[in-house]
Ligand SMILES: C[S@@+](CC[C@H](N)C(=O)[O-])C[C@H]1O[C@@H](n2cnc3c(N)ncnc32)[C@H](O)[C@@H]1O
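First, one chain by itself in structure tokens, the form predicted alone.
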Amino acid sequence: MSSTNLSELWPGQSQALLKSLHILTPQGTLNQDSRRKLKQVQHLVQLITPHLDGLKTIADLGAGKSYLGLMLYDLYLRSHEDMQLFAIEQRRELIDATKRIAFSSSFDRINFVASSIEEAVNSPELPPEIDAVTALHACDTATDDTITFAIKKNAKFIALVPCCQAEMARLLGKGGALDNLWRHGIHRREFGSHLTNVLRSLYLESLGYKVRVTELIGWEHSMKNELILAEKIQRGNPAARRQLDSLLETMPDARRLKLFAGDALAQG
């Protein structure tokens, strides 16, 4: 059912852009599904923009249809003319469609890169360093690729909304004393997801990031609801590294997570 009440829009928010993204209907109305998408992205923009002051480059990884990148430009970058946004997406058809929307919106400081997250790290289309990195609903190990990208690009700020995390659930062993924690399928998925995000957070802390984990938005709007915010404040954190090592010793299967592939922490 559609509604003509557009009070959910922020002052000055482009209705033309929202129509291009199919968040607003051609008649300028919202339905329940598009309202959820709007609130989700608005809230993420609200949470990350205080961390962007003074930064020059932002990369949105696994950009998809670029809801986040385009709305971030509309609501923040439009008034910050020294900032550049890089949208990385490997599906060429989505890149082409989003380019058209950006062109029609006169968003001339968005750079589109057709690449996987892994390959984008070494792409000549990107600068050697990126100040801020975002990934909205980066599925399964794509979140770990995003963390690797951010670290290699010396990112000062990272915002992640992990999604569909299955890797850890596949790695959890059988026959151990802790098996009852994941004996049932739903518990295996939930425990695997929880453990993965705990390890990601500790890993970022060990590298000198101050990490905050919070809800993205109310559960009625999205079940993929965990938001990890990380801001670089120091070169490293030995205490967090010790905590991470201790947890990896308790859960040895976790050492096989893609997050730790090739990392010294995974070799112990």
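None of these values were measured; they are calculated from a predicted model. Each residue number is its position in the shown sequence, starting from 1.
Form predicted in complex with this ligand: not shown, discussed below.
- Of the residues Thr148, Asn197, Ser123, Ser116, just one reaches this ligand in the model of the complex with a heavy atom at 4.5 Å or closer; this is Ser116.
- This ligand in the model of the complex is not approached by Arg78, whose heavy atoms all lie more than 4.5 angstroms from it.
- In the model of the complex, Ile58 stays away from this ligand, with no heavy atom inside 4.5 Å.
- Looking at Lys39, you'd find every heavy atom of it more than 4.5 angstroms from this ligand in the model of the complex.
- Tyr67 belongs to the set of residues with a heavy atom inside 4.5 Å of this ligand in the model of the complex.
- Heavy atoms within 4.5 Å of this ligand in the model of the complex map, among the stretches 88-96, 189-197, 125-133, 148-156, onto 88-96 alone.
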